[in-house]
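Below sits a lone chain in structure tokens, taken as the form predicted on its own.
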């Protein structure tokens, strides 16, 4: 079994920042485990600007922010394509990598696995099961990582900042959404965002509008929605389900009580820059505990 001072699960902004600050404080035996093929986390496929103000005092695109973080951590033991399967005892875990299944242990284990958007099933949306229904993260991977255009005129569902991030991603790919529907009465985003969507991009935003079902035969053809007690249909060729974030913390089902959690895995969604700042502070606490 491998033994280390600190094992960090997740190589996004929070995980990388924890590792780098620990290194600065003299904790050298740190391993970061990442299930994706590259470090950097979600910002890798967020092509718009707005990352890094809290942590770097400048605004960058998501990929540039992720690249900067990963480059700064290039001398840390980061193991990509490595998935943590379960915790096996108080300070130990089982992982799967290209080398097979192995066990690792550490004096401190940090969970920095971030957050994810709610699925269609979790939102209880009816209708046909069709391709072309995805969350913002999947859309961004199609557009920024694979250079693909999954649809031409989708409907965006949501009321959060990430909803308008989906709109920017669509614009980047030459996709023209038919509208943005939000079930809530008010948007959980700045008041000027819907004005920009309408007047800059020609995409109307409607609140108090609930998505009921998705319709089509072999692909998305329309969505059914309810507003003011009345149901109607609108044509579209895709659906983007944005927001309603849930912490990516399924590992907690087998985690010991002394597991340390940082970043958006805590359950409250913060910007990548804020996660960096908070993770650095956590690293200082861990370093003191290890003395």
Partner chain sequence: MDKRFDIAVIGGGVVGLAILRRFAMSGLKCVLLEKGADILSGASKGNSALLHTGFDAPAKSIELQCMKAGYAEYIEIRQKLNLPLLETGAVVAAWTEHELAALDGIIKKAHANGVADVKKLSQIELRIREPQLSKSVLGGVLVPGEHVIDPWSAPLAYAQQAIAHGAVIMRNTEVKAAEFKKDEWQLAGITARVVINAAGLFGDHVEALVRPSPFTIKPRKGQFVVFDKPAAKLARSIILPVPNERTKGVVLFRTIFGNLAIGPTAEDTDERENGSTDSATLEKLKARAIEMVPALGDVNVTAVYAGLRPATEQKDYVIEALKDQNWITVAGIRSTGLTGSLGIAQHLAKLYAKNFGKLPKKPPEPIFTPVPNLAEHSIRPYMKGGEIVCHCEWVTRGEIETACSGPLPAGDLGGLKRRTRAMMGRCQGFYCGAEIASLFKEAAHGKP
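Quick caveat, the model's predicted, so the values are computed rather than measured. Residue numbers count along the first chain shown, from 1.
Omitted from view is the form predicted in complex with the partner chain, to which the following refers.
Exercise. Of the options 99, 208, 176, 172, which one has a non-hydrogen atom that comes within 4.5 Å of the partner chain in the predicted bound form?
Worked result: Exactly one listed residue reaches within 4.5 Å, namely 99.
For this session: Have a look at 135 to 143, 200 to 208, 67 to 75, 163 to 171 and name the one stretch with heavy atoms inside 4.5 Å of the partner chain in the predicted bound form.
Result: Contact criterion met by 135 to 143 only.
Exercise. Would residue 217 count as a contact of the partner chain in the predicted bound form, using a 4.5 angstroms cut-off between non-hydrogen atoms?
Worked result: Residue 217: yes, in contact with the partner chain in the predicted bound form.
For this session: Examine residue 125 and determine whether its closest non-hydrogen atom to the partner chain in the predicted bound form is within 4.5 angstroms.
Result: Within the cut-off, so yes.
Exercise. In the predicted bound form, does residue 212 have a heavy atom within 4.5 Å of the partner chain?
Worked result: So residue 212 counts as contacting the partner chain.
Exercise. Taking 4.5 angstroms as the cut-off for heavy atoms, does residue 244 touch the partner chain in the predicted bound form?
Worked result: Heavy-atom contact with the partner chain at 4.5 Å: absent for residue 244.
Exercise. If you check in the predicted bound form, do 29, 93 and 274 all have a non-hydrogen atom within 4.5 Å of the partner chain?
Worked result: Checking in the predicted bound form: none of 29, 93 and 274 is within 4.5 Å of the partner chain.
For this session: At a 4.5 angstroms cut-off on non-hydrogen atoms, which residues of 240 to 275 are near the partner chain in the predicted bound form? List them in order.
Result: If the 4.5 Å heavy-atom criterion is applied to the partner chain in the predicted bound form, 240 to 275 yields 246, 248, 250.
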